[in-house]
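Coming up is one lone chain in structure tokens, specifically the form predicted on its own.
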Amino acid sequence: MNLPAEEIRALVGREVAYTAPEPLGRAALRYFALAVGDDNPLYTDAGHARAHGYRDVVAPPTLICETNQYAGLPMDADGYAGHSWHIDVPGARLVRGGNDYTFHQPVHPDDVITATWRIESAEEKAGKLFVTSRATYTNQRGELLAVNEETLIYVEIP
């Protein structure tokens, strides 16, 4: 892969933010739990959630990390409607290198989520481009809900 060093450095610091147009709502929590196969009653039963110290049902943890659930973004050519950096690396394919999630507090149906993504680093190593970004998720009160550190790897197509 032959990307100019200045082009790689220019990626660092890019930032985008998405704010949901409305609160998550109970249906989003219920549907996401169903989709991921998690029948924990904390996600669907307010009485159960209150009995365990929560003020209401809570969201499955990674729901807010999937911006396609609430950001209202248009679908891309592959049908995905969530966050993407849209980095075009000629002759390479994108491989997801992993995510490291930190959850700070429960998310409730009345929360309006803002996801702020920032590219923290971009470097070429061993013929691959590694892009690390950090997403912070906050609610309408500015309270930190979660952080997602994601690594994307662009691998040369032989």
Partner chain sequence: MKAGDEVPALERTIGAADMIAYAGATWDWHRLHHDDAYLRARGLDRPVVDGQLFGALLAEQVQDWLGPDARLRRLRFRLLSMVFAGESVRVTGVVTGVVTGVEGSLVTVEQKVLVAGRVAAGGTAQAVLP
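Basically, rigid core = biggest C-alpha set you can superpose within 1.5 Å across the two forms. Positions refer to the first chain, counted from 1. Just so it is clear, the model here is predicted, and its values are computed rather than measured.
The same protein has a further form, the form predicted together with the partner chain, not shown here; the description that follows concerns it.
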{"item": "Interface membership of D88, the partner chain in the predicted complex, 4.5 Å heavy atom rule", "value": "no"}
{"item": "The partner chain contact in the predicted complex: L42, any heavy atom under 4.5 Å", "value": "yes"}
{"item": "Partner proximity in the predicted complex: R26 to the partner chain, non-hydrogen atom cutoff 4.5 Å", "value": "no"}
{"item": "In the predicted complex, S133 touching the partner chain (heavy atom, 4.5 Å)", "value": "no"}
{"item": "Stretch 22 to 41: residues contacting the partner chain in the predicted complex, 4.5 Å heavy atom cut-off", "value": "Y31, F32, A35, V36, G37, D38, N40"}
{"item": "Rigid core superposed: Q69 CA moves 2 Å or more between this form and the one not shown", "value": "yes"}
